[in-house]
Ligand SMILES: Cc1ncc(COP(=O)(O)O)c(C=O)c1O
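Starting off, we have a lone chain in the form predicted alone, written out as structure tokens.
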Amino acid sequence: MKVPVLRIPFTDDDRAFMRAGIDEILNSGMLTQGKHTERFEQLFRELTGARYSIAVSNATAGLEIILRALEVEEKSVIVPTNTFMATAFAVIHSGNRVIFADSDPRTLCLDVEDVRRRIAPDTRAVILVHVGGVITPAVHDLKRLCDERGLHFIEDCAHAHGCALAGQQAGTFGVAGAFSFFPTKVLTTGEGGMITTDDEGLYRRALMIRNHGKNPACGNRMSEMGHNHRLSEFTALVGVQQLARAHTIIDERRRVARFYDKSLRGMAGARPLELPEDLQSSYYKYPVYLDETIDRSRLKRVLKEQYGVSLTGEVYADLCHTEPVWQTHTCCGRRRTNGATPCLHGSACNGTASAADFPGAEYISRHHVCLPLYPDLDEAELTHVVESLERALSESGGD
């Protein structure tokens, strides 16, 4: 039996809905920012409970738009080093400097005390990433810290569609959140993103930045330094289909997670990440910590080659501050030239993105794997994954 990294199930009804929708779009001549985009945004507001939502080209663009709408420029923004580099790139492309912070292995998310330690005089925002679909209970402490220091608290919700902590949805804890609809995500449109916020001023500025800076109050003349971060109607149509089935998709992911929770209990060599009691996760990932004696590379190779089980990517195996881009660029995105490091922040940049070690993030990066998790995994496949993992663990110990 083979269990792939991912399958994206579309039913016959899903396909019929999208075929009809494509015909409608083509007949209308409205190929972007039409009624399907409006419907997509409306359904996402209903899912999250946010007052406003803005469909954009991707989540990276969403984070950049949020920072621009908040007028954060030539400042520093704290992000976890345990995230996808897109979080850092959004900071840099908005004209700011990135400061990396450590993460807590218990939650995969930002360590509050490390964030406190790394706040610089020019820091204006903190971005919390809900890694793997985990909203850390420290979210409230981080929000209080940001309020005390006058910092914007922003959420990277790329992994967190439908996730809630004590009933409060991801994307509603900070001033704004950005979601991704990349193919691997809980809900997907292929590409695409969504901003959520309760701030009307941020919402109206984001709408303009998304659309080349056009200002309706000025007859659609450009009053913002905008981009083309619009979403096509075809992409929005898939989003409408996904949101119509969102609760079913999330329930299916939770079913798979419950199977793993029960089956992995007491397994030698591996322990699932223990989630907060009041977290309702949609399980973008199912992380499992390995004993330090386990060779992760060998384990993954054995699972794939001997048992046909392909594991998904970790969250994350490569930390942002270790990426080779910093060999040629400063942490505000300036390219080094002839040994010089021209930087928006002068000596504050120091040419590197890292100022200290990150023990929590380093532990996370070295010691976990993520099991296959998507809606149509059946019980036979799940049993095969668990049994294969148990066998592979016994074959992958240290020498």
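Since this is a predicted model, take the numbers as computed values, not measurements. For every residue, the number given is its place in the sequence shown, counted from 1.
Another form, the form predicted together with the ligand, is not on view; read the next lines as being about it.
Just one of F173, Y316, Y260, Y283 comes within 4.5 Å of the ligand in the model of the complex, counting any heavy atom, and that one is Y316. Taking a 4.5 Å heavy atom cutoff to the ligand in the model of the complex, the contact residue among A236, A158, I154, V134 is A158. Although the partner is absent here, L207 sits far enough away that none of its heavy atoms falls within 4.5 Å of the ligand in the model of the complex. Contact annotation for T87: at least one heavy atom lies within 4.5 Å of the ligand in the model of the complex. Using a 4.5 Å cutoff between non-hydrogen atoms, T330 does not count as a contact of the ligand in the model of the complex.
At the 4.5 Å threshold, heavy atoms of I65 stay clear of the ligand in the model of the complex, well away from it. In short, of 182-190, 264-272, 93-101, 301-309 it is 182-190 that has heavy atoms within 4.5 Å of the ligand in the model of the complex. Scanning 53-68 for heavy atoms within 4.5 Å of the ligand in the model of the complex gives N58, A59, T60 in sequence order.
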